[in-house]
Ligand SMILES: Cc1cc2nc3c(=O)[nH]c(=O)nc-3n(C[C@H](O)[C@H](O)[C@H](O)COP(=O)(O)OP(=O)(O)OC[C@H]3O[C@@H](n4cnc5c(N)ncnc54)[C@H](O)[C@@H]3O)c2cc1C
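First, one chain by itself in C-alpha cells, the form predicted on its own.
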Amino acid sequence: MVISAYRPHKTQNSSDRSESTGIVFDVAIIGAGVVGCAMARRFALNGLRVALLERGDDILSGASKANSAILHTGFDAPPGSLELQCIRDGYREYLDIHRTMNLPLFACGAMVVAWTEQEAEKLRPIREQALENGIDDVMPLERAEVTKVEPHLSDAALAGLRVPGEALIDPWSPFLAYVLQSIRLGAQVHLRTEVLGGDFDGKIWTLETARSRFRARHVVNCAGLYGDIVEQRLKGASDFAIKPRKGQFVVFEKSASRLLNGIVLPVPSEHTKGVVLTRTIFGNVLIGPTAEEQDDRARATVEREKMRALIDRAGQMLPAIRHISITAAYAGLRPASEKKEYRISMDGARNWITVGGIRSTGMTAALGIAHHVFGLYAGSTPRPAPGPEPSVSVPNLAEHLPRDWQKPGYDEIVCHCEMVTRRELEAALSGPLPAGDLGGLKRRTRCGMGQCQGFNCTARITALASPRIDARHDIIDGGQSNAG
C-alpha cells in the first residue's frame, strides 16, 4: 500500500542521509515536546532504533516550553478515562526515577479553594471524584483550616480541599534527561527537521523532511500544535483538529515565595481548570494561565489587559503579593482539540500511532502516555527484550536543592539574578544534546530568566554561546554530534 500526500520539492541539499546509510528505524517519532521526549525514551529502553524528528531549533521549543510545572495526581481527571490512566502512570514513574536522574520534586501539596458559596458547593463532588479516581487522601477543609495551610491567603476564602500528593517539578529538565537516556541507547535526534510529507509502501514509511529523508517501520505522531497538519500531510486526513489555546502567566519575584507554601487551585468550571496561584520550583510565585482560543499556532502574545487581570486576581487571593515586583510575563499555547479527551489511536494497517490533543495534563502524563503507546505498538509487533537502563543525571536548577554556584570551581557567575555559572553554561552548550538556541540554553540553565530578564547578562551569555550555537549541531546520534 502506498499512501501519498503532500510531496515537497526535493532540494539539492537533501542528502537522503538515512537511505544512503541503509538505516531503517524501527520508529520515527515526530515532535520533541514533553510527550515526544518521553516516547523516545520508552521505545529506546525497549531496544528499538528510534529517530526523534523536531521542527524547532531545540527540544521543547513548541507548546512544551510554557507550562505551570505541576505534577498532578489525577484527582480531578475524568474517571475511567485514558487521561486518568496516563496521569497516574506518569506520576508513579516520575516518582520512581526522579532521584536516579537528579530530577527535582517539591512535595508541597495543593489546595482547591472555594471563594464563593457556589464554588463551596462543588467541593464535595470534587472530593467524591478524587475518591473514585483512587486518590483517597483528599481532605475537606473549613475556612480556619484553609488559613492554617496558607496563612497569607485572603479572608475571602470560604473552604477548601487539601490534595497532599500534588507537587512541583522542573518543567524542562526531566524531558532533557529522557532524551539523553534515549541517545545513550542509540536514538538519533534531528532538530530543524520538519516533516513535510511521506509514503508508506505497506511495510516502511519514507518521510520527507526539510533536510533529509528518513525511513522507519512505524511512525508515532507527537507533533503537538501541528499534530493534525502532520496527519493531513502523511495520511491525507486527520480525525481531529487542533484548536490552539493560549495561556498567559505572570511571574512574581522570589520574595513572594514566603507568602505561599504550595499550590492554590481554583474550583474548575465546565470549560476550564481556571487560574492557578503557585510557587515554582525555581523559587518564584506564578499565576495563570488564561484560556484563550486562537487560530495562530506559532505566536502567543502577552496582553496588558490580561496581565493586569491576573495581577489583580493574585492580589485578591494573596493580598500581600500586591507589594511584590513582577519578574516576567509570558504566554504559551496548548494543543487542545475540539474534544476534551486525549486523541490517541493506532492505525495498524499503516503502522501509525496518533498522539494528539494532549492538553495541560500532558507534562504529568507524558511518561504514562509513552507507556500506553508502547503497549499499542508491542501488541501488534514482536519486540526485543529490554536491556539495562543507562544512568543519566541532569543538573539541578531547583531553588530548594544545592545549585552549581554553591560548589567550588564554577569559574564565574554569569547570570546573577538566577546565579547561573559559566560552568553550567559550558555544560549546556556541549555534550550529546547541546542547546540548539538561546531559548534552549535558558531552559537548561535559567540564564537571563531572573529579575533583570537578561539586561545585565545577555551580552556575556551571547559571547559564550554564539560560537557553538551558530555551529548548528543538528544530528545527535548515540552520543555523537554532527553538523547537518
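Residue numbers run from 1 along the displayed sequence. No experiment lies behind these values; they were computed from the predicted model shown.
Below: the form predicted together with the ligand, not depicted.
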Of these, 23-31, 434-442, 42-50, 419-427, which stretch puts a heavy atom within 4.5 angstroms of the ligand in the model of the complex?
23-31
In the model of the complex, the residue from Gly198, Pro335, Gly74, Gly90 that sits within 4.5 Å of the ligand by heavy atoms:
Pro335
Single option in Val275, Leu180, Leu225, Ala159 placed near the ligand in the model of the complex, where near means a heavy atom within 4.5 Å
Leu225
Partner proximity in the model of the complex: Gly247 to the ligand, non-hydrogen atom cutoff 4.5 Å:
yes
Thr364 within 4.5 Å of the ligand in the model of the complex, heavy atoms
yes
Just checking whether Pro289 would be counted as a contact of the ligand in the model of the complex - the rule being heavy atoms within 4.5 angstroms.
yes
My question is simply whether Gly56 lines the interface with the ligand in the model of the complex - judged by any non-hydrogen atom within 4.5 Å.
yes
Looking in the model of the complex, is the ligand within 4.5 Å of a heavy atom from each of Val35, Ser61 and Thr193?
yes
Going through 293-317 from first to last, which residues have a non-hydrogen atom within 4.5 Å of the ligand in the model of the complex?
none
